[in-house]
Every structure is written in structure tokens, then in C-alpha cells.
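Have a look below at one chain only, the form predicted on its own, in C-alpha cells format.
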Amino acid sequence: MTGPAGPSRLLPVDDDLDTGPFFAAARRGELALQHCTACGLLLHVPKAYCHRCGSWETDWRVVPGRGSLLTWTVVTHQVHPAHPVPYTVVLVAVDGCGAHLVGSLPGRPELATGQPMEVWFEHLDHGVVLPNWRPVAPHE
């Protein structure tokens, strides 16, 4: 979310050839990752061709918005005014696809390795939507 008086967030390039479909899916409320259409290999980080079979044919598939926490670190040194410290960078293993994605949480939350996580979609300036991760609420 954007704050009315805070500094602007750094925005990812969301319309380039390699990563545009990732951000387009996020604008639809979906988490999508690139796959090789010839052999089915997950191509994350996105690539022009499959490094396993050499195919140049790829597509983007919606993957589960759930995962488990692999690791995290608390950032205490502020490097940009739009990202107040402390905040926690998390690495999440997405269920069922083998991808690991990064997210962030405000502050120093209580976390545990293997903790269930869910994606949520952060709406930033200029229509950019960024998938991010948060712990699954205990009742879910």
C-alpha cells in the first residue's frame, strides 16, 4: 500500500518481456510462474529459453498462493526512506512447484521454519501490483 505522506516506494519494472506476465498475473490477483511448454520445467527466474531441453516455447501458469517459510532475516539498517526499519525479509517455498520467492513483513514478527505462508497482493503506485507473503492466520 502507499502512504499518503510517506516517500514513494521503489517500483519494479512490470512491463518488460521477461517479467511482464508475472506482474500482469499479480494485477489479476494470481501468482504465476514461467514454465517450459516442451518439458514442463519451472523457469524461475524467467528466461527466454529452457536450460534443460533448449526449447524457446514457454508459458505462464498459475501456481498456489500458499507455501512454507524457509528462512528469514531482520533488516535493521535503513537504506531507503520508503522502507522503514526494522522489517523482515522472508524466503518462501511455494507449494507444489519448487519455486522459492522473496517477500517482506513489517517489524520483527514471530516466525518459525516451515510456517505456512500465503501470498497477498500489494498495490503500489502507478498500478504496479507486487506479490508478497504473510503468515497464514492460525484459524486457517
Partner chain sequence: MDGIVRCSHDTVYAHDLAHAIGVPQLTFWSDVGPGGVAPAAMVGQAVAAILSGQAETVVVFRELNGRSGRRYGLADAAGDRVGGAGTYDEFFLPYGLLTPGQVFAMLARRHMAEFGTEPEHLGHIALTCRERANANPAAQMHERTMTMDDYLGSRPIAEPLRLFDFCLETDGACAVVVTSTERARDLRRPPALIRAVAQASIPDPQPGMMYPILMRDSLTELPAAAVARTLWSRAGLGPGDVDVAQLYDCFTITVLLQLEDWGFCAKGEGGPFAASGNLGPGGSLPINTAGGHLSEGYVHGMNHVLEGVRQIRGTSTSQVPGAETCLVATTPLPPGSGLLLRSDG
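What you see is a predicted model, and the numbers here were worked out from it, not measured in a lab. Positions refer to the first chain, counted from 1.
The next section is about a form of this same protein that is not shown, the form predicted together with its partner chain.
- For a residue to qualify, one of its non-hydrogen atoms must sit within 4.5 Å of its partner chain in the predicted complex; all three of Arg9, Lys47 and His77 qualify.
- Mapping the unseen interface onto this chain, Leu130 counts among the residues with a heavy atom inside 4.5 Å of its partner chain in the predicted complex.
- Under a 4.5 angstroms non-hydrogen atom cutoff, its partner chain in the predicted complex lacks Cys53 among its neighbouring residues.
- Among heavy atoms of Thr73, some come within 4.5 Å of its partner chain in the predicted complex.
- Residue contact check for Val102: one or more of its heavy atoms lie within 4.5 Å of its partner chain in the predicted complex.
- Residues of 104-128 lying near its partner chain in the predicted complex, listed in sequence order, are Ser104, Arg108, Thr113, His126, Val128, the criterion being any heavy atom within 4.5 Å.
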